[in-house]
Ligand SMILES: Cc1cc2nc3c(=O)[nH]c(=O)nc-3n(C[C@H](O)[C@H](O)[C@H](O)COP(=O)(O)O)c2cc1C
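Below you'll find only one chain, the form predicted alone, shown as structure tokens.
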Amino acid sequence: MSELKYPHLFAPIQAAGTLFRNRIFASPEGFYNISPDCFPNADCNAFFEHKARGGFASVCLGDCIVDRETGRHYDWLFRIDDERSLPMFSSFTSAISRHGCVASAELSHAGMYALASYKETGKLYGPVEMDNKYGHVTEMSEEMIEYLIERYGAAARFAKQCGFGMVTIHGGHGWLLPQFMSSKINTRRDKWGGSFENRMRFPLAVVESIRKNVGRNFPIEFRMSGSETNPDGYDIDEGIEFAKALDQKVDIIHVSTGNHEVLEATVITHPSMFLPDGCNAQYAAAIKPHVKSPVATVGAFTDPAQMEEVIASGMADIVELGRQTLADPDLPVKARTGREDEINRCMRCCCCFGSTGEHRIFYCAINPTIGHELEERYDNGPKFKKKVLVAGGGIGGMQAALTAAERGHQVVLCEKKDRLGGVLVCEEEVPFKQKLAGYISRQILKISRAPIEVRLNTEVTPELIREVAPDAIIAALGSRPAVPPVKGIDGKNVFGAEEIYYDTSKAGENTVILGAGLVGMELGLTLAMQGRKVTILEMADAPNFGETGMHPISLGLELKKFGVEIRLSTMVTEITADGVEADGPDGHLSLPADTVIYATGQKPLREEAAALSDFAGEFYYIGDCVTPKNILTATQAAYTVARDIGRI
């Protein structure tokens, strides 16, 4: 019998008499595709149950608001202050706990950032009277403070009644409790503010109220920001003092970081792709020597080996995962059974933030099952097994081949180049895109282990289709760069973005990029990080970041940090050997440049795909040959189309 590879990570831990089967927790996560009454529904249960089934020791339902009237930042947050929700929350906890996982409810109140409550009542409440970005804040009376203390306790009691095995107090990210803890905000002159003891009075009273309502043998986790990572917030030294005040009054001290309402801090709370894995573990490690309560860390963990080291070295007792639980809800099982090379690792592209912001539904760029958990659960597989030819080995083609093979079809995957991966292979060497390179490599690894016949250096033609004789064809041919109709575009100093990504040495010291889309801006940042002067020209009046929510914030900060200039509403009129001529808001521009790069979009290979459509009974277009978009669109279409084959 072989020993566990990660013994510390999979060692059980106890808190308040509750056994957690390992040290991997799913951190608090909201879910916004819920009932009109803001109660959990079947979609919600299926989304979180996959994490429990995947081996997490605890799964936390985020954004459970303890007082709807005064505490909602958004309208679509769980109402744990409404007892009508009992059967819905109870159904949720059953879905989690029956897998041997502890269900936790995150108890939250936004305080002076309760925007949704403000829109309904016209009132914002906080520690002191002030004005903030949402409106005028009214100082909470002592009666209101005592009322909210009672509401936290009542919410915890109700959570326990519903079957939750733990509650997590949200005491971080700038919400109500840290507003009272803050020396910069809470300047009250009564017993609820001013001195450190007085500022901690409210959060400690909340803890005491919860303890009275749930008893000793029920774990309480306190989520705090170790540092608020912005000039107007507190630093780690004060964070240590907060943790010491909480020590042994709560059962787990969960150390996050940042402030939800400060953009520069938010991209540290939810680490961007420009930060290293586990970047926020430093805050938990700084706090742990000062407390006896178990300490949890969170922030950009994807590698079980790194998590093992964090636990083994004593930096923390528990590792909590957020976005990684979307990329692969089965991470614990895969790590425990020696399949860590198959773990889908979060790329931190923030597609999940974009989809929740746009649609209030979680989707994941590299895991097409997210957002579709119910249909996956109840699908019984195809009625008929077929021979499937996938034309194109890019992101969409690889996912289509894998899904079709998993469903029992005979799959032939053809790629006209000498390797799989498609157009995104050109970004493999970009420092902040190493997660993308890892994703492509893992897809290739999975294909090598699957019953898929791979033919490289093979273009799909009518002759090849006749040879293979497929029942179904999936066209995933991709796209080609769109060349802008600009005078001088064929000059020797002009390149497409893809060519420069493959070999950045072709770019001169002074570079102008045409197009402030995601490709142009990320390429501009790549070149600027290598020391080049970069100017990006864009015809529109705003950059086009795509639909990726949080990533534009971090990318914009990085572009500013490395001095990349973006000129908007600027039309290029000519490219010369010496640079670019353009017309902008302030008139004509002559911009000197050694190199000019166009990143002006992609042209779909629709005609090439259509030429293959007459040679099989079932034919599907997916990915960029339909409309060039993003990884999410490609993987979702590939996964779905492959599941459609053989249904009837």
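For every residue, the number given is its place in the sequence shown, counted from 1. Everything numeric in this text was worked out from a predicted model, so none of it was measured.
Keep in mind the form predicted in complex with the named molecule is missing from the figure; the text below concerns it.
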{"query": "The named molecule in the predicted complex reached by all of 406, 440 and 639, non-hydrogen atom within 4.5 Å", "finding": "no"}
{"query": "Contact test in the predicted complex: residue 30 vs the named molecule, heavy atoms, 4.5 Å", "finding": "yes"}
{"query": "The named molecule contact in the predicted complex: residue 106, any heavy atom under 4.5 Å", "finding": "yes"}
{"query": "Heavy atom of residue 353 within 4.5 Å of the named molecule in the predicted complex", "finding": "yes"}
{"query": "The named molecule contact at residue 62 in the predicted complex, heavy atom, 4.5 Å", "finding": "yes"}
{"query": "In the predicted complex, the residue from 362, 234, 89, 118 that sits within 4.5 Å of the named molecule by heavy atoms", "finding": "362"}
{"query": "The named molecule: the contacting residue among 536, 214, 347, 300 in the predicted complex [heavy atom, 4.5 Å]", "finding": "300"}
{"query": "Region of this chain that lies against the named molecule in the predicted complex, out of 306-314, 167-175, 432-440, 566-574 [heavy atom, 4.5 Å]", "finding": "167-175"}
{"query": "Residues from 207-223 in contact with the named molecule (non-hydrogen atom within 4.5 Å) in the predicted complex", "finding": "223"}
